[in-house]
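Only one chain is included here, represented as structure tokens and corresponding to the form predicted alone.
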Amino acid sequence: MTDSALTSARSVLEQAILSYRGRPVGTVAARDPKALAADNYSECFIRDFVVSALVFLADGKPEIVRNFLETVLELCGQELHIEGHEIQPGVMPASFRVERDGGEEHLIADFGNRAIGRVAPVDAMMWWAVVLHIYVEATGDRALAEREDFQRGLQAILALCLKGSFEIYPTLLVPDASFMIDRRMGVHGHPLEIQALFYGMLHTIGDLCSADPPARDLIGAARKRQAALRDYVRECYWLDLDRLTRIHRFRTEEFGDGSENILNIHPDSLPGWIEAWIPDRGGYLVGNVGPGRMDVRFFAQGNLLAVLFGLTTWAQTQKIMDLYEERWDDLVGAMPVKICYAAVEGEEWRVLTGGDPKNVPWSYHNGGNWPVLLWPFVAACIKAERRDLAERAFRIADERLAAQVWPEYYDGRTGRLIGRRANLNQVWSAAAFLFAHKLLERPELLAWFPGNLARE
């Protein structure tokens, strides 16, 4: 079925191209003929376009990616206030749309002002920088990144992320709903996905920024922050059976530099399911860590990006792959890949999500299966030299995705049901399938991504 599925996926992608004044500048989020999704799915989302950009670059069609990078940067100049507060320089829009007034076309950006909860996206600026890096690696067009407006944009992003705060940790503090998990899910604080993206972005900007003042000081600070972030995440976010055993025996209320339980994690705060679920062979980076708090849910995007960007050690990478192998039905199941495990249910669901009817247990961001995660899964598996897992996941997607018209997400403990409110012809589902196939055919494409995975 692969050839027909690839043809179908490519048709979805090509029909989704968004043009502005005769130039292709992005792809819309979905082209569902039944229009089940929100109105803004006809817009180009920065995070959604990432995988489209990867496909276009792999196909030798960089023009649309260059136009996208320029368009998003231009939109950052739009003066915007949300609820009376000015958006900080460096923040990039979640999405943009083209409005037509007679013969005129105008670009309108959404910085979170139209989002549920009015949350500005944190990941958009990070993905923009990563896509710029990948574009330069794929095309050799370093002159684009060296343009004055691009250098100002990179420095504004870096200055914003390195801004001083009351935090003493090298991780980046963000609110709920500021990244792929864009609704209340109890992930506020220091979610893993943002830390992995932050790490990749720091590497990216350090490579792309000029060495001239004032960038020199920013680059120096970025490199120090990146090293501290790497060491902190590898130590404090890591969980395997040995680490769980140590946490189980943690003393609390410890003081001073010699404390083992530096975040004062109370062992009894960990959920009861984790001891039975974590295998003898395997481990992962937990979803969130903070003072007195460890969220042991497994979040796929954060773990996979951590592998791809070199945030994990080689040993940790192998254990993440082992965990996927040992808990395949839970983490992959009938459609790659489950966004998080385990789903929150009952009273915990009501408290964490506010009773969100879209995030019911084992649906959407609360344990749903998302085909877009196929591409980082395949990329991480290939980088970890576990191609067998990548091929296994791709075969599952190949059997169902095209036949079921490229759903946005799937429901159920193993992802057997098309999502209750899932859009069809979801562009990043189709693009992820295309790029996963390209990675299996051309694993050398992994050289585009920032960060190297050392065998430590």
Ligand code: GLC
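The shown structure was predicted, so the numbers you read here are calculated from the model rather than taken from an experiment. Numbers follow the displayed sequence, beginning with 1.
A second form of this protein, the form predicted in complex with the named molecule, is not displayed here; the remarks below concern that form.
Visitor: Can you pick the one in Glu326, Asp330, Asp295, Asp182 that has a heavy atom within 4.5 Å of the named molecule in the predicted complex?
Guide: Contact check passes for Asp182.
Visitor: Only one of Tyr199, Phe111, Trp375, Tyr364 gets a heavy atom within 4.5 Å of the named molecule in the predicted complex. Which one?
Guide: Exactly one listed residue reaches within 4.5 Å, namely Tyr364.
Visitor: Within 4.5 angstroms, counting heavy atoms, which one of the listed stretches 383-391, 424-432, 52-60, 410-418 is next to the named molecule in the predicted complex?
Guide: Answer to the contact question: 424-432.
Visitor: Could you confirm whether Trp370 comes within 4.5 Å of the named molecule in the predicted complex, counting heavy atoms only?
Guide: The answer is yes: Trp370 has a heavy atom within 4.5 Å of the named molecule.
Visitor: Whether Arg47 contacts the named molecule in the predicted complex should be assessed with a 4.5 Å heavy atom distance threshold; does it?
Guide: Looking in the predicted complex, residue contacts with the named molecule include Arg47, since a heavy atom lies within 4.5 Å.
Visitor: Taking 4.5 angstroms as the cut-off for heavy atoms, does Ala29 touch the named molecule in the predicted complex?
Guide: Yes, contact at 4.5 Å.
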